Ligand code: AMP
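Have a look below at one chain only, the form predicted alone, in structure tokens format.
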Amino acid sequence: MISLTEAQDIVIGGCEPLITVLVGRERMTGRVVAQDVVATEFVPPFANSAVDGFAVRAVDVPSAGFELEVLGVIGAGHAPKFSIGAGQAARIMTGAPVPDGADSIVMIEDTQMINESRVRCNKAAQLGQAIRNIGEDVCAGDVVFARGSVINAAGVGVLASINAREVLSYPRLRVAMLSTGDELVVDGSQLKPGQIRESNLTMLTAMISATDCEVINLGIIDDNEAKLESILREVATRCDAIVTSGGVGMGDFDIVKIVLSRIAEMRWMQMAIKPAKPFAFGKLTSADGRVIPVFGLPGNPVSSMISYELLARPALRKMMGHTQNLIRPTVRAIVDAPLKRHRDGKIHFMRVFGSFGDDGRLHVRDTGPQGSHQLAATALANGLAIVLDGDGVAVGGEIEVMLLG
């Protein structure tokens, strides 16, 4: 057996980021910037009002009670047609350009109209108050997003504000997903002896999508070597990575292992963890000469989920240009119910539910049965407790927990 760290080095180290492409800003959410994004415009492009109110000269309103002549109204999107002189003001809307001569905005709530052309200010004006200055958010020449930044929804808005219509970034992966097994039923029909309902394909498709990849769902493949080889060779021409579930163990009918050993350069691992001991990783050269990483996950549903989290997910993220938090972060937590295990030379990943206690610390307890086939308890978990070899952790003890989601 090899350690999890060694397996992660093999898998993650064996994957490289894809070739960068220009991507329209509306499709940049979640993507990684491949080169610095430099602003070519100022944001805001002109001084404007932060509130609805009156544009004034601060010197004209040193205290409450001063009255000013109102020259007109300035709306957002309209340039002022006058400047503000001594004893004058202009009604101004939020976002409207500040007229020449004005250096302060008095909020509408702090004023009172005397008549159509005069206003009383009920509060002193401070120099520069409620004015958004040119370039206050972004200046032309600023590096708005450094290479390696991940663009979120607010980031897309920033790209729009600086007129960055396209960004050089890493593409979203196309990941082919398949599961094998004659025993799997997907059509809702009544189960026959020896059959079970498919769950891995559905679960992993959702997990790959949540990793921000496009899924090519190949469905359930019969235990037929020729058919599996044909499908794998064909899909390699139109995907960036392949994920399989089942058939990577030591069984006589593990056709995934047989076929991949024949058509790809594979490494079959037995890791010192529980669940998810078996894992396969390799590279398949497509007919068009591209090298496609292949991730072979075990068939037990919990093992499949955990091996995806620990190995496939970080590798896929690396291929999309991510450099930070390839592996999900961990935190220290207090154990509220005993996490029991036996000594076997492995690290156990126990499914737990965590919540913050009155002490401000994260507290966890297991979600139920921990068998590698027992997916229902796993669905209730929001973390994986990393239980080192030994007898487990007693109530009140501390444990490292990998956060899920």
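Just count from 1 along the sequence shown to find any residue number. On a predicted model such as this, the values are computed, not experimentally measured, just so you know.
Beyond the structure shown, there is the form predicted together with ligand AMP, which is absent from this document and is the topic of what follows.
Comment: ligand AMP is not present in this chain, but in the predicted complex one of P314, P301, P171, P80 has a heavy atom within 4.5 Å of it, namely P301.
Site annotation in the predicted complex: the residue of N217, N122, S261, S199 reaching within 4.5 Å of ligand AMP with a heavy atom is S199. Contact with ligand AMP, judged by heavy atoms within 4.5 Å in the predicted complex, is confined among 205-213, 323-331, 101-109, 291-299 to 291-299. A residue is said to contact a partner when one of its heavy atoms sits within 4.5 Å of a partner heavy atom; D142 fails this definition for ligand AMP in the predicted complex, lying far away.
By the criterion of a heavy atom within 4.5 Å, E309 is excluded from the residues contacting ligand AMP in the predicted complex. In the predicted complex, ligand AMP lies farther than 4.5 Å from every heavy atom of D240. Shown alone here, G247 lies within 4.5 Å of ligand AMP in the predicted complex, counting heavy atoms only.
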